[in-house]
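A single chain, nothing else alongside it, follows as C-alpha cells in the form predicted alone.
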C-alpha cells in the first residue's frame, strides 16, 4: 500500500461559541476563541490517499488532479471565509478544528474518483495544534 499526501493552505476566521450557553460559560470553556469579533487561522491541510501505483504511470494518482479536487471541493469554499457564516457545509455545526476536519473529509470523499481511497485528513490550526481524521 502506498500513501500519497498533498498539502494545501487556506486562511479562515471563526469563533467557538455555543448559543445555548451564557457568555460567561462560553468564555470559560473556549477562552479567546469565543471572541465575539472572531479570530483567524492560517490552516495547513494534508490530504492523504492510499492504494497501489498504476503499472503504466507509476502514480497512485495524478497529484495535479488531486490538488484541483482539493481546491475546488474544499479550499475555494473555505479560503478567506468566516467558517461560522460563509461555509455551507459548516452551517449548524460548532466550528472546531475537529468538526472542520470531518466535514472536509465528507467534501473530499464525494468528489474523489471511485478508484481513489481517502486515508487521512490532517488539519493544522496552528503549528502546534492539528487534528487527524481517518473516516468513521
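Residue numbers count along the first chain shown, from 1. If you're wondering where the values come from, they're calculated on a predicted model, not measured in any experiment.
What comes next is about the form predicted together with another copy of the chain, which is not displayed.
- Another copy of the chain in the predicted bound form comes within 4.5 Å of a heavy atom belonging to residue 29.
- Interface membership of residue 22, defined by any non-hydrogen atom within 4.5 Å of another copy of the chain in the predicted bound form, is ruled out.
- Contact between residue 89 and another copy of the chain in the predicted bound form is not found at the 4.5 Å heavy atom cutoff.
- With a 4.5 Å cutoff on heavy atoms, residue 113 does not count as touching another copy of the chain in the predicted bound form; it lies far away.
- For the partner-free chain shown, 60, 61, 62, 63, 64, 79, 80, 81, 82, 85, 86, 94, 96, 98, 99 of 60-99 come within 4.5 angstroms of another copy of the chain in the predicted bound form, judged by any non-hydrogen atom.
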